[in-house]
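Only one chain is shown below, in structure tokens, and it's the form predicted alone.
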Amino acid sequence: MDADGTADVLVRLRDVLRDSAVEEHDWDAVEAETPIESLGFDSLTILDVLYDVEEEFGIALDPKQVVKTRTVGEIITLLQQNGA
């Protein structure tokens, strides 16, 4: 496992996104550089997922920061900055 826990956060985030997605994807292939829009989420639909992400990680995120994210890795960075 990586020292900063990024791999664990990625696996958990993939699960939340998979459960919320309306489109089918190869979720195991989703990496930090994967654009959020390529997974069927835009800035509005990612806000719908925000509650589930917060529940999974037990933290609160600023919605204004979340809508600015463009990649899965940017969400991971936000999560880690907030204690995930």
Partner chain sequence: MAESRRVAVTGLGVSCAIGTDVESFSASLFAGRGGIARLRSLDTSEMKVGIGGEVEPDFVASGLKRLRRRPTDRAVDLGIVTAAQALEDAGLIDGAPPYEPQPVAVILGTAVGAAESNTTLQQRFAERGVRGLRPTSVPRVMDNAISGGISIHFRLTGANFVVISACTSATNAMGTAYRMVRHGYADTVLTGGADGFFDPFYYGVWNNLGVMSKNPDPARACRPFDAGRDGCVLGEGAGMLVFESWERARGRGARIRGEILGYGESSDASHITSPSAEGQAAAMRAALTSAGIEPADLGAVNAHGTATLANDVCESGSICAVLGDAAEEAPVSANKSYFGHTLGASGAIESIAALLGIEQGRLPSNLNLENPDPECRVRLVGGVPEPLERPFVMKNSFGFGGSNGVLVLGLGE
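Residue numbers count along the first chain shown, from 1. Everything quoted here is computed from the prediction, not taken from an experiment.
The form predicted in complex with the partner chain is left out here; the points below concern that form.
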Decide if the three candidate residues Asp19, Glu23 and Glu54 all line the partner chain in the predicted bound form, where lining means a heavy atom within 4.5 Å. yes
So in the predicted bound form, is the partner chain close enough to Glu33 to count as touching (4.5 Å, heavy atoms)? no
Any chance Ala29 has a heavy atom within 4.5 Å of the partner chain in the predicted bound form? no
If you look in the predicted bound form, which residues in 23-50 sit within 4.5 Å of the partner chain (heavy atoms)? Glu23, Glu24, Trp27, Leu44, Thr45, Leu47, Asp48
